[in-house]
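This document starts with one chain, in the form predicted alone, laid out as structure tokens.
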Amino acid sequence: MSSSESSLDRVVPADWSVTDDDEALAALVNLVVVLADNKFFLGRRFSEWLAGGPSLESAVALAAISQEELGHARALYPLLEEMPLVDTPGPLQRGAERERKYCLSCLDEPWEWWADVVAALILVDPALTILFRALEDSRYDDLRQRAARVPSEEVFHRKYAEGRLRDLARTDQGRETLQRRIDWMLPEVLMWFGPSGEPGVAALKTQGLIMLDNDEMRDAFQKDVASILEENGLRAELGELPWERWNSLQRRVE
């Protein structure tokens, strides 16, 4: 995660032992807001498709997933108030409370296709879960406790995602549309874990705040999604990632 805001003024409580490491502290703030904003906007985008899914049963299940994503965001935002920094990003409730958003660009605007919902379910949601799993042994107690609850709730998300993927990929037209949306989302999702050796993530790992580095998270994600894509005739082939367009603070492609 980015450490480019480490020059912020700090208030240093005695119980925050990471406050002697500006890079780790700034990266921790960035990590929390990035996770929260992505959960918030993922939930919002899902909620916009409750009337546009293929069936009533699908809409009911997606409504439950949307509420869980928003609930994860609501659980994370209060952590920003605990941080020994001033001017941390405020929580989002409607999405317009602050100009700067720390979410993937593919979550910026409402989606045009049901295939976008399915692609996000099979790519974005699992990517977030990989990062939560990397926090399950974090020595930051409040973050670890919140992170520990997420993977179990994501089990239903994954079953739902795989079912919708299979449904859409049964026809040539559905598979072709879904492939286009995967091709659009996947490069940014892979970049979301950050470049190899990113200083902010390295500082977090050194401090025991996160257990995996950038490449380990990216590898875990690729192994997680590759088989389900291949089983349904979909590709995860990539060329060179556009790192020259990468915004390391907001964790997005510009």
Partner chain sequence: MKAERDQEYYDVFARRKAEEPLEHIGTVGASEPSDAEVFAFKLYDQWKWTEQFVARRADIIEVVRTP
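Note that this is a predicted model, so its numbers are computed, not measured. Numbering follows the first chain given and starts at 1.
Beyond the structure shown, there is the form predicted in complex with the partner chain, which is absent from this document and is the topic of what follows.
- The contact residue chosen from 202, 212, 229, 64 relative to the partner chain in the model of the complex is 64, the criterion being a non-hydrogen atom within 4.5 angstroms.
- Taking 136, 183, 82, 167 one by one, only a single residue has any non-hydrogen atom within 4.5 Å of the partner chain in the model of the complex, and it is 167.
- By the criterion of a heavy atom within 4.5 Å, residue 55 is counted among the residues contacting the partner chain in the model of the complex.
- Shown alone here, residue 159 lies within 4.5 Å of the partner chain in the model of the complex, counting heavy atoms only.
- The partner chain in the model of the complex is not approached by residue 151, whose heavy atoms all lie more than 4.5 angstroms from it.
- Under a 4.5 angstroms non-hydrogen atom cutoff, the partner chain in the model of the complex lacks residue 71 among its neighbouring residues.
- Although the partner chain is omitted here, in the model of the complex none of 197, 206 and 208 has a heavy atom within 4.5 Å of it.
- Only one of 139-147, 170-178, 123-131, 71-79 places residue heavy atoms within 4.5 angstroms of the partner chain in the model of the complex, namely 170-178.
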